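In the block that follows, a single chain appears as C-alpha cells, in the form predicted alone.
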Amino acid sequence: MRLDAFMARAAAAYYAGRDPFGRAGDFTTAPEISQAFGECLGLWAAVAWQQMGRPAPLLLVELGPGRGTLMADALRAIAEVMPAFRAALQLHLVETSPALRAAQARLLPDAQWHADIATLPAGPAIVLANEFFDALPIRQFIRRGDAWLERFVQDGAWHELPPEAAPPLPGHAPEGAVLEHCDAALAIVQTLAARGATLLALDYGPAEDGFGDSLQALSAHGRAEPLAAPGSVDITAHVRFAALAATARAAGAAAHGPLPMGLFLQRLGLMSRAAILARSNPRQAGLILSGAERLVTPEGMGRLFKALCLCHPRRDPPPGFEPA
C-alpha cells in the first residue's frame, strides 16, 4: 500500500471513536495549553475581516477543530471586542470524526459541519487550520542510485518500488535522500486560494523545503513506531510550508510567512493577554504564564511551529505578518 493510502486509513481509524487530546490522550495542542491562543486568533480573524471590507455574511471556518476549544475561545473574544464581526460570521467546521464532532457540538452548537471543504458554501471566508496539515497523508520518495523510488507499506515494513504518477522530483539528490509530498495539502490550499479565502495555518515544520524523513507517531505523549499499530497511534509529518506558499501563489493568492509561531503570537499580544488572565486568577497564575511561554519560546513550540497566511493579493499584510 502506498504510504499516503496507509496514512489515510490509519487516521480514519484513529480519529473515528476517540478524543486524543490532553493528558489522558496522546498529545496536547496549543488551544488546550492556553486560552489566550484561541482568543488571539479570534481577534486576528476580526482584524482580517475588517481588512476584507467587513463582508456580511462571512464564513469563519476551522479545519480539524479538535474539541472545539480554539473556536470557543475565539468566539468569546470576538463577541466581547468586536460584536459586529460576531453578528456577521457563520461558523463552519470541517471534521470527519463522529467523536470529535460530538465534542465540538457541546461547545459550538450553532456550527455547521462538513466532511471536507468541497461542501463549504460560496462567499467570503476566513479559514483557521491549527495542527491540521501535519495529519494529512504524505508520499515519500527515496533516492537510490540515479533514480527515485517510492515508499510503500506491507505487513508493518517498508518496501521501495518505482513511483506511481510521481510529482516533479529533483534530477540530482544524495543517495538515500527522502523527499516528502502531500497531495491533499496542496489541493486544499489551491482550492482556498482560488476562491479568495484567507487561510491562517499554524503547524510544525521547516520554513524551507528540503530532504528528510519527518514521519512520526505519538502515543500517550511519547514516540511510537508509525507502522507498528495503524489506527492506534497518531501519525503525522512536518508541513512543507514553502510548497503550500508556492501553490497558493500559483493559484493567484498572496502568501505571508512562514514566521516562527512564537514571533507571530507575540506580535498578536499573547503574552500580554496571558498576564491579564494570570492577574485575574492568582491561584492559576503560574500555570497560565508557563503555558503561554511554552507557545512562544524557542525551546517550547515557538520555533518549530510556524504561521503562514494566504490571502487576496491586493489586501494589506494581515496582523502579525507586517514587515519588520
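When you see a residue number, it is the position in the sequence shown, counting from 1. Quick caveat, the model's predicted, so the values are computed rather than measured.
Missing here is the form predicted together with a small molecule; even so, the following discussion is about that form.
Engineer: With a 4.5 Å heavy atom cut-off, would you call residue 131 a contact of the small molecule in the model of the complex?
Structural biologist: Residue-level check for residue 131: yes, a contact with the small molecule.
Engineer: Contact between residue 95 and the small molecule in the model of the complex at 4.5 Å, heavy atoms?
Structural biologist: Yes, residue 95 sits close enough to the small molecule in the model of the complex that at least one of its heavy atoms falls within 4.5 Å.
Engineer: Indicate whether residue 290 is a 4.5 Å heavy atom neighbour of the small molecule in the model of the complex.
Structural biologist: It does not: once the small molecule is placed as it appears in the model of the complex, residue 290 has no heavy atom within 4.5 Å of it.
Engineer: Is residue 135 close enough to the small molecule in the model of the complex to count, meaning some heavy atom within 4.5 Å?
Structural biologist: Residue-level check for residue 135: yes, a contact with the small molecule.
Engineer: Scan 66, 258, 38, 262 and let me know which has any heavy atom within 4.5 Å of the small molecule in the model of the complex.
Structural biologist: The residue in contact is 66.
Engineer: So if I measure heavy atom distances to the small molecule in the model of the complex, which of the stretches 80-88, 242-250, 97-105, 216-224 falls within 4.5 Å?
Structural biologist: In short, 97-105.
Engineer: Residues 113, 122 and 190 are flagged as a possible site; in the model of the complex, is every one of them within 4.5 Å of the small molecule by some non-hydrogen atom?
Structural biologist: The answer is no; none of 113, 122 and 190 reaches the small molecule.
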